[in-house]
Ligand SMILES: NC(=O)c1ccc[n+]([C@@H]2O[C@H](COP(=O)([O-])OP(=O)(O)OC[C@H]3O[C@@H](n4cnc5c(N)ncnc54)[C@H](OP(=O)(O)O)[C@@H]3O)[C@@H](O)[C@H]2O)c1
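Below you'll find only one chain, the form predicted alone, shown as C-alpha cells.
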C-alpha cells in the first residue's frame, strides 16, 4: 500500500506562501496545505478562483500580498518556465526564471520572508551522478544554468535565511496526469512502442513525498541546500520494463535507446542521480518504494487492457 503517513503534514510548519500554485508540483502543495491548514497564501500568474492571488514573475510585486504583516514566514517559489527546450529558445524564460525570480527574492528578503526555492538535478552535467547536497554545480542546459544562477543568488543575498530544494524527476499516481509512469502506461495500454533511454538515470520521486518532506524541513526551520528525492536511482528504460511486467505488456515493445537518439533541441545530462544525505539524516521520513508506485499505476490501467 502507498504510505499515507506522508500526507499528514506537521502542524507546526511555518505559515507559507505558495508562489506558482497551479503547476503540477505547485498544485500538489496547494491541495495538501489547504487540507491541513487553510491559513496560507497562494498565487498564480493570473490569479483566479479558490483564493489564488495574482503574481506575475515578469514584474513581481508582493506588496499587495501583505505577507509579513499577516504572519507568513516562508515563501515556496514554484513558479517557473520548466520546459528544457523552451528555456533554450525563448528569451522570456530567462526573464521569468532569473530576472523575475531575483526580484521576487529581493522583496521576500526585505520583508524577512524565507525563500524556499525549488531547483533541479539539471544543475549538474550528468557525467558522474550520485551528487550530494554540496556538489559543485556544472549545468549543460540553459534551464540548468538558470536554476544554478538562482541558487548562487540566494547564497549571496539571503544572508543564510533560505532553503533550496533540489528535485529529480517528480511524478504522480493519478490516471491521466501524464507524468512519468502514467505516460508510459498509457502508451502500453494502446499497445504502442515505448522508447526509453537506458542511459538517462535519475531518482524518480512521488509528488506527495516531495510535499511531505518539504513540509517537515520547513517545520524544523532547515536552511541551505537539500536534495529531496527517492534515494534510489533508476534508468528510464528500467522503469519501463518494470512497469511492463506489472501490466503484462510485451517487453519486446520497449525500445531501448540512448538519450542522444531522441532528438531534443537541448542536450540532456545523462546521470543526474542525487543523494539525499542531509534530508535522511535530519528528518524522519520514508519515501514511497517504487514497487508500490508501479503497482498503483498498473492498477489504474490494467482494467482497460
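Note that this is a predicted model, so its numbers are computed, not measured. Numbering follows the first chain given and starts at 1.
There is also a form predicted together with this ligand; it is not shown, and the following applies to it.
Comment: this ligand is not present in this chain, but in the predicted complex one of 154, 80, 108, 203 has a heavy atom within 4.5 Å of it, namely 80.
This ligand is not drawn, but in the predicted complex it has no heavy atom within 4.5 Å of residue 124.
Contact check for residue 57: a heavy atom falls within 4.5 Å of this ligand in the predicted complex. Using a 4.5 Å cutoff between non-hydrogen atoms, residue 255 does not count as a contact of this ligand in the predicted complex. The closest heavy atom approach of residue 131 to this ligand in the predicted complex falls outside 4.5 Å. Only one of 68-76, 131-139, 167-175, 218-226 places residue heavy atoms within 4.5 angstroms of this ligand in the predicted complex, namely 167-175. Of all the residues from 104-130, those having a non-hydrogen atom no more than 4.5 Å from this ligand in the predicted complex are 118, 119, 120.
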